[in-house]
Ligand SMILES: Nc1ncnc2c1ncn2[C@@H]1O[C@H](COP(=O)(O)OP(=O)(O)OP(=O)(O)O)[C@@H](O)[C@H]1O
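Starting off, we have a lone chain in the form predicted alone, written out as structure tokens.
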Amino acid sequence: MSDAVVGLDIGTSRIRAVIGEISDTGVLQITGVGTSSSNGLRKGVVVNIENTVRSISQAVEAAEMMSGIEVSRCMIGIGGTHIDGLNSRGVVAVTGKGRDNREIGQDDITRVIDAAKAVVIPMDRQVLHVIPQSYIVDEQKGVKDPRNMIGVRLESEVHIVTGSVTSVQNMVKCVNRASLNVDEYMLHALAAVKSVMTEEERELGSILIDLGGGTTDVLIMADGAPLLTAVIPAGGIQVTNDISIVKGISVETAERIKLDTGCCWLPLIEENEEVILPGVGGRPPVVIPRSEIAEIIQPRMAEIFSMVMEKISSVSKKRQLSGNVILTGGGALLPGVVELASEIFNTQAVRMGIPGNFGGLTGEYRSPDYATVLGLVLSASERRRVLEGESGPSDTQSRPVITRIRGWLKEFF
């Protein structure tokens, strides 16, 4: 088994591949980073197989060239407007057959998790994650790990993430056609949480907002587990289109202007700053104030944050969220995004989510737009350690349910 682990973030605007190698001492080091333009997705869903396969191959080849090794397996991120999350509860009686007391064991935990995830979902959807939030033992709430406790009644509260069967299958098919096998898939926002959110933030109640190209992913973490998962069908592409339409320039030119001179908080712009708009169809270039670009970007970004506020209102009314608002994704690179988010959410507890230093190519990946792919690499390395410590098949999809639940318990508790 190779010591290399690979994360593959297939986004609407960019595809990122990161290769990490686990040293003899068990330390993860990033050795390869590759990116490419994404041309086959719309709002996180594959709409062109061939273009997506080509973009994946370009990103992986760039990472392989940098690291000097060839890879064949990866962990991929799943996102898009088809993602949905719900909370569920299961109840079982603690089995006392053959025991002197009713001590809760792993088989009881497995049964109560199975009971909680026995919810009715449409035939065209599949369960991606079942993540335990907490347990209740004989009306004692807030139990993180009930193993070895004495009880008669065991309840579980879980968060279930579902996705479209065809969307997931198309994503896996694209990766397979790019000569890679998929070891596991993971929700984009969950992967980003792993790389940028501290344990304290997960406990206090924090909101992760992943500002992608076609979608904005939202995840609320509290007491160490997800409370809400949502996807908003708006992102950086809408900002680019606004600039293109208002200023009468091509989408490519609008994207370049957004990246080079864009800002979403007007107070940060000085009066004498200017932007050159290239002429179209032989027209001469036009010089405009930079504030005009900001006046286009700021309302759209404010609208996205307002949509996030609407999504999280059901949770924020019931539970005090004392943690931070953490911004990741390419949209978090826009100047003024933290200030705008602070204004919309009416809090100063807003920060940019930058992955930690995992060694190797430090400068290449310490950016909010690498949060998801770094989280995938971290999860892949943890999965590798679990597999090396267990016998049986290495394919996560064929592992017993009990083993997969144990992996989630290790990650979130």
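All residue numbers are counted from 1 along the displayed sequence. Just so you know, these numbers come straight off a predicted model, no measurement behind them.
This next part talks about the form predicted together with the ligand, which is not shown.
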Can you pick the one in 85, 226, 331, 323 that has a heavy atom within 4.5 Å of the ligand in the model of the complex? 331
Contact with the ligand in the model of the complex, heavy atom within 4.5 Å, among 255, 339, 103, 292 goes to 255
If you check in the model of the complex, is residue 163 within 4.5 Å of the ligand, heavy atoms only? no
Is residue 237 close to the ligand in the model of the complex, meaning a heavy atom pair under 4.5 Å apart or at it? yes
I'd like to know if residue 259 sits close to the ligand in the model of the complex, meaning any non-hydrogen atom pair within 4.5 angstroms. yes
Answer with yes or no whether residue 375 is in contact with the ligand in the model of the complex, where contact means some heavy atom within 4.5 Å. no
Per-stretch contact check against the ligand in the model of the complex, the hit in 194-202, 136-144, 267-275, 207-215 (non-hydrogen atom, 4.5 angstroms): 207-215
